[in-house]
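One chain follows as structure tokens, the form predicted on its own.
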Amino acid sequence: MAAKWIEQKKRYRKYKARIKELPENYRSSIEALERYLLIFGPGQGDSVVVMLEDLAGLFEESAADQLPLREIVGDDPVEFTETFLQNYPEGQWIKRERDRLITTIDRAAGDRS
């Protein structure tokens, strides 16, 4: 368990080092996205690290291609982030709550036993 946590911490530090190398507007944007993702994203360490590494990769590739920021996140950063989050459903509290709501209503309606 401790080894797994230490490995996650190393990967998170590498992620932080990667985003430090991004241009300022990309870096400030990814930091804002990270904050949102850490609140609404998966609650499990492995899933969080993978999600952030993927986000860093997207921004690194976009910076290398000199894509304008709006071509990455679009006009609605919340919509972009919610769409991005759909790739990481494991461990999301909101997914668990949605599943619980659906199951409860299905049972109450007699759709499930």
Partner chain sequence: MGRQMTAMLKGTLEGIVLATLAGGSAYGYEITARLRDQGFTDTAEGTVYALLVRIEKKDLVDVEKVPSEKGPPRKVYSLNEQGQQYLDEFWTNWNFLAERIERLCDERN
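Numbering follows the first chain given and starts at 1. Model, not experiment: these values are computed from the prediction.
Here the subject shifts to the form predicted together with the partner chain, a form of this protein not shown in this document.
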Check Ala64, Asp75 and Tyr88: does every one of them have a heavy atom within 4.5 Å of the partner chain in the predicted complex?
yes
Looking in the predicted complex, any heavy atom of Gly57 within 4.5 Å of the partner chain?
yes
Contact with the partner chain in the predicted complex for Phe40, defined as at least one heavy atom pair within 4.5 Å: yes or no?
no
If you check in the predicted complex, is Tyr36 within 4.5 Å of the partner chain, heavy atoms only?
no
Who in 5-23 is close to the partner chain in the predicted complex, meaning a heavy atom within 4.5 Å?
none
